[in-house]
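Here we start with a single chain on its own, the form predicted alone, put down as structure tokens.
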Amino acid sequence: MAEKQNTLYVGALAKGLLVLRAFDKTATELSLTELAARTGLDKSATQRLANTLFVEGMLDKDPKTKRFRPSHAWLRMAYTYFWSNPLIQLAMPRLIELSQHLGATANLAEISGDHILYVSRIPGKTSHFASTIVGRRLPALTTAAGRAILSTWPATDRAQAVATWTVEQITSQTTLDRDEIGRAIDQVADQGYAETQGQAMLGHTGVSAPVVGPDNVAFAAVQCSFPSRTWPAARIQEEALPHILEAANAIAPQVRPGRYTDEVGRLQV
């Protein structure tokens, strides 16, 4: 099976994708030299690949500096993704209602490897720019959404994730101790929701509830973030948590076997 997969692998295409993946929030414009350094490709190959991507409309190039950056084509692909993901369509009305009621950014996050990916975000009254952009990836183990999702997985899968998945120091309060993370996820499994303090953003409390599939295993979560100063634990418990749980629970029954499940209904996470 591995040999058949290898014969279908197109190395040139993979290198082109490597060039595209070189761009991120820390590197929005790159020269050929920088692209070569970030991809590990030689400069000649990088030049050919970058120029091809430019001609095909995947990259823009500044006529003066010759630096490359992502083009509008990325947005067109994102638009197609949103229309192809039925979960986003199911969740959107609930997220809008949740954001309006709480005045907070309401997010839908999905598992993406060992990270969570925000696939839908409805801004709140005081949202920062960074917290309104879809596509942001964060290590699942350090986020309320990631912990909420993992809390529904079988114990063996959960333990493997805690032992091997990425742990990254995002803030000074980010927990790096895997045993502590494991205990926190076990607690989430008992109480049905996750709450984190300053893990991904200082001074903010993240609260998340899992969106479960047909076998009660989650692949997504509803999440909100609140300023800890104005949203102490008691207020979150009383005013926010019931609505976050309600939103997640309202989405879950609409999820049916299909995109996220195999032929016997098991979630493909």
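Every value quoted in this text rests on a predicted model; they were computed, and no experiment measured them. All residue numbers refer to positions in the sequence shown, first residue = 1.
From this point on, the text means the form predicted together with the DNA, which you will not see here.
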Margin query: Whether Asp42 contacts the DNA in the predicted bound form should be assessed with a 4.5 Å heavy atom distance threshold; does it?
Written below: yes
Notebook entry, point to check: Thr33 near the DNA in the predicted bound form, any heavy atom under 4.5 Å?
Noted result: yes
Notebook entry, point to check: Even though the DNA is not shown here, does Arg235 get within 4.5 Å of it in the predicted bound form, heavy atoms only?
Noted result: no
Notebook entry, point to check: Would Gln47 count as a contact of the DNA in the predicted bound form, using a 4.5 angstroms cut-off between non-hydrogen atoms?
Noted result: yes
Next item on the list: With the DNA left out here, work out from 215 to 223, 237 to 245, 24 to 32, 202 to 210 which stretch has heavy atoms within 4.5 Å of it in the predicted bound form.
Entry: 24 to 32
Item checked: His115, Arg121 and Thr156 all contacting the DNA in the predicted bound form, non-hydrogen atom within 4.5 Å -> no
Item checked: Residues of 58 to 74 having any heavy atom within 4.5 Å of the DNA in the predicted bound form, listed in sequence order -> Lys61, Lys66
